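As a starting point, one isolated chain is supplied in structure tokens, in the form predicted alone.
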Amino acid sequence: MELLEKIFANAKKHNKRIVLCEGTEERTLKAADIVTRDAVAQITLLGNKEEIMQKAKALGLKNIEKTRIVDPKNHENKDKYIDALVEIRKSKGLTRVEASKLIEDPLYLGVMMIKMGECDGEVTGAMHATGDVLRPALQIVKTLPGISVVSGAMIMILKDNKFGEDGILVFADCAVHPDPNERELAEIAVATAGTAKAIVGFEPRVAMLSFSTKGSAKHALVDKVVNATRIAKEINPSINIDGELQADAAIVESVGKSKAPGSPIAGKANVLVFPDLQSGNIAYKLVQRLAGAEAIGPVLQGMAAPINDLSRGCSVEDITSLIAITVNQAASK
């Protein structure tokens, strides 16, 4: 079974409650129709119900009426959400008047529905920038215990299955944090190991990448990776992780044996953690374009609940896949 088929099959087993904040957006509606038809998730759409149903009818969508539709401007739980938001943000001086305006923003309402236990995860971003998606999420849902940074993982499916886990590798951070410090890089490694296990379903073997392997070069940038590896082991001693490793030492068995003999990871890594966003983003795009790899993501990680951000150029298939991934993340919690 292909990876995406496994992800969808697992999502159907759990059928978690996912909120889609852009309920009137055409691609989002089409994706909601598909995942509702296939029982991948229980969908809540945010938006004006009349507008949503009119668009669904015009698009010939038959399953939108089976979804839950909540109008951010007028719904029965509005006052409850306003009160809860004031309580959550009281240390920041949020007034009830300000909360009343924020709760009419679907991006705030979506994360409040997660916070209040009415939904298990969120998918949005087809019409919003990443910063707009993350701001309410970080204010309300916040990060996982022991994790202070949100990052973005890419699931890379290679044509050559001798690399990674039968041709599958997880790269991070490829989307969010430009220049993590040692502690943040360690947290990204821990979060990415969790993503690999929850979504891809394999035991992570994490390589902390550098331009040096086991002291072959001396530089402050190398020290950052060495220290981050140590901190990651302290955060979660059960993670199978090693570094610093060059990319070839991490994924090519013969090179790993030569450059890092005795390493439990060298030559067989299935999770690659890059030292910064530049290297991670460049690497996944080069592998995607030059090696013809399929790139799934980014999957946001580090949040206390699964909240995922779409590209504004996303397709209907991208949205359905990310909904299934979000269900898998929610199920793993």
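One-based numbering along the sequence shown. Note that the coordinates shown come from a computational prediction; the quantities given were computed from them, not determined experimentally. Whichever C-alpha set is largest while still superposing within 1.5 Å between the two forms counts as the rigid core.
Form predicted together with ligand ACO: not shown, discussed below.
> in the predicted complex, which of 117-125, 258-266, 220-228, 173-181 comes within 4.5 Å of ligand ACO (heavy atoms)?
Replying inline: Heavy-atom contact with the partner occurs in 173-181.
> Looking in the predicted complex, any heavy atom of residue 67 within 4.5 Å of ligand ACO?
Replying inline: Because no heavy atom of residue 67 falls inside 4.5 Å of ligand ACO in the predicted complex, the answer is no.
>> Taking ligand ACO as it sits in the predicted complex, is residue 274 in contact with it (heavy atom to heavy atom, 4.5 Å or less)?
In response: Answer no; every heavy atom of residue 274 is more than 4.5 Å from ligand ACO in the predicted complex.
>> Using a 4.5 angstroms cut-off on non-hydrogen atoms, would residue 44 count as touching ligand ACO in the predicted complex?
In response: No, no contact at 4.5 Å.
> Does any heavy atom of residue 285 come within 4.5 Å of a heavy atom of ligand ACO in the predicted complex?
Replying inline: Within the cut-off, so yes.
>> Between 134, 235, 158, 94, only one gets a heavy atom within 4.5 angstroms of ligand ACO in the predicted complex; which residue is that?
In response: By the 4.5 Å criterion, the partner-contacting residue is 134.
> Ok, 77, 216, 143, 100: which has a heavy atom sitting within 4.5 Å of ligand ACO in the predicted complex?
Replying inline: Of the candidates 77, 216, 143, 100, 143 is the one lying within 4.5 Å of ligand ACO in the predicted complex.
> Considering only 135-159, what residues come within 4.5 Å of ligand ACO in the predicted complex, judged by heavy atoms?
Replying inline: Stretch hits, in order: 135, 138, 139, 142, 143, 148, 149, 150.
>> Please state whether residue 288 has a C-alpha shift of 2 Å or more between the shown form and the other one, with the rigid core used for the fit.
In response: The answer is yes, as the C-alpha of residue 288 shifts between the shown form and the other one by 2 Å or more after core alignment.
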